[in-house]
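Before any questions on binding or motion, here is one chain by itself as C-alpha cells, the form predicted alone.
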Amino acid sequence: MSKMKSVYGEPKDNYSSKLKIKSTILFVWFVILTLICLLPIYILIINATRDHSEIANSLSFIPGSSLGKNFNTIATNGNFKLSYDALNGYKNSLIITVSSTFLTVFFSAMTAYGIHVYDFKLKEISYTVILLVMMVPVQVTSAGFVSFMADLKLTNTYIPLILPAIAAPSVVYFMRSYMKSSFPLEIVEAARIDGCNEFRTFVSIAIPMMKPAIAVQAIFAFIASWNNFYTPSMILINVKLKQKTLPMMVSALQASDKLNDFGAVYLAIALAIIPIIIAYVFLSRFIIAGVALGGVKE
C-alpha cells in the first residue's frame, strides 16, 4: 500500500515532520523577539526596586530591597517635588489621553464608515487627500500650529492637545482597510429597510462590528498620546507643575542636575508606564475576540 500524500504531493509523515520543525523554529524565534522586547521593561522594573549605589555599580536581574525607600524619596524629597507630582501628572495625562483617544477612534471610524458606505463624486479624491495628509510629519506643521494656537489664546490649555485628535489620517486608513474586508454593505441596506437612521446604523451596527479595529487603534492612540512629550512641551509653556503631563515631569527629572538618585528616577519612569499596560490588557480581549470571530466562516 502506498504512503498517503499531503496536499503538496509529499508523503504525509515527511510533511508533518517539516511542519513541526518550522513551527518549532518560529516558536523559538518569537520567544526570542518577546524577550528582547520585554527585557528593557524588566530591567526598568528591577532598577525601580534597587538603590542608587547598586544601579551605579552593577547590572542585576534580581529585584532589590529599596522599593519602599524609592517611594519615600519620590513622596518626600524636596528636589523631586519641584519636578515631579505623580497624582497631578496622572490626572492631567489621563484627561488628555482618554479624551484624545476617544475622539481619534470615534471620528476616524465615522470617516472611514462614510467613505466606505456612501458613493459621492469626490469619494476617492477625499480619501487620497487624507492619505497625503498622513505623509506630512508633525514637525513640519508644529511652528504654524503653535502660532495659530497663540493667536487663538489657547496656549497653556489642554484644548490644543485634545481637539486635533479628531483628525487622524492613519487611523482612517486602517479603519477603511478593515471595513473593506470585514464590513458588508448589505447589512447597511438591511438596516435602512428596517427604518434605522444613518447615525444609529453607524453606532449600533458599524461600531460593534469594528471592535477589533477600534481596539487596536485605541491602544496605539492611547500609547501615542500618553507618551507624547513634543506637543505638550510646545503648548504648555508657562504652566505650573500641577498642570504638566506625566512625560513632561519625567523629562524634568531626567534633565535635572539636582537629583542624584537613579532608583527613584527609575521608579518614577516605571509608574508612568502602568496606564499603558492597563489599557493594553483591557483592550486586547476585544482584539482576540475579533480574531476568533473572524476565523469562523459559514
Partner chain sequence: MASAAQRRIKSISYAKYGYMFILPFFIVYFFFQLYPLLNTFIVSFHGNGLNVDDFVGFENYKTILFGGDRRANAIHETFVTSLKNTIILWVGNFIPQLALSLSLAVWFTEANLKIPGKGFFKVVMYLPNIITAASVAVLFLQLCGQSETNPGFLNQFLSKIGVVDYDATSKKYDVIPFIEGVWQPRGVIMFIQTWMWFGNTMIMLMSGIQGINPSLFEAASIDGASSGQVFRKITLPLLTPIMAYTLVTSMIGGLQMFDIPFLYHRGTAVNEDVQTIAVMIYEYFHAQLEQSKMGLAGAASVLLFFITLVLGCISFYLTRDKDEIAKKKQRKKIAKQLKQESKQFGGFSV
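Between two forms, the rigid core is defined as the largest C-alpha subset superposing within 1.5 Å. Residue numbers count along the first chain shown, from 1. Remember, it's a predicted structure, so these values are computed and weren't measured experimentally.
One more form of this protein should be noted, the form predicted in complex with its partner chain, which is absent from this view; the next part is about it.
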- prompt: Going by a heavy atom distance of 4.5 Å, is Gly144 a contact of its partner chain in the model of the complex?
  reply: yes
- prompt: Taking heavy atoms and a 4.5 Å cut-off, does Ile273 contact its partner chain in the model of the complex?
  reply: yes
- prompt: Are any of the heavy atoms in Gln243 no more than 4.5 Å from a heavy atom of its partner chain in the model of the complex?
  reply: no
query: Does Ile62 make contact with its partner chain in the model of the complex, using a 4.5 Å heavy atom cut-off?
result: no
- request: May I ask whether Leu67, Asn77 and Ile214 each come within 4.5 Å of its partner chain in the model of the complex, counting any non-hydrogen atom?
  value: no
task: Consider the chain as shown here, without its partner, and state which of Met110, Met179, Ile96, Ala86 has a heavy atom within 4.5 Å of its partner chain in the model of the complex.
output: Met110
query: Which residue, Phe71, Phe102, Tyr173, Tyr90, has a heavy atom that falls within 4.5 Å of its partner chain in the model of the complex?
result: Tyr173
message: For the stretch 185-200, I need every residue with any heavy atom inside 4.5 Å of its partner chain in the model of the complex, listed N to C.
response: Arg192, Ile193, Glu198, Phe199
- prompt: When you overlay the rigid core, is the Cα of Ala270 off by 2 Å or more between this form and the one not shown?
  reply: yes
Residue shift check between this form and the one not shown, rigid core fit, Ser233 Cα at least 2 Å: no
message: Is Leu246 displaced by at least 2 Å at its C-alpha between this form and the one not shown when the rigid core is overlaid?
response: no
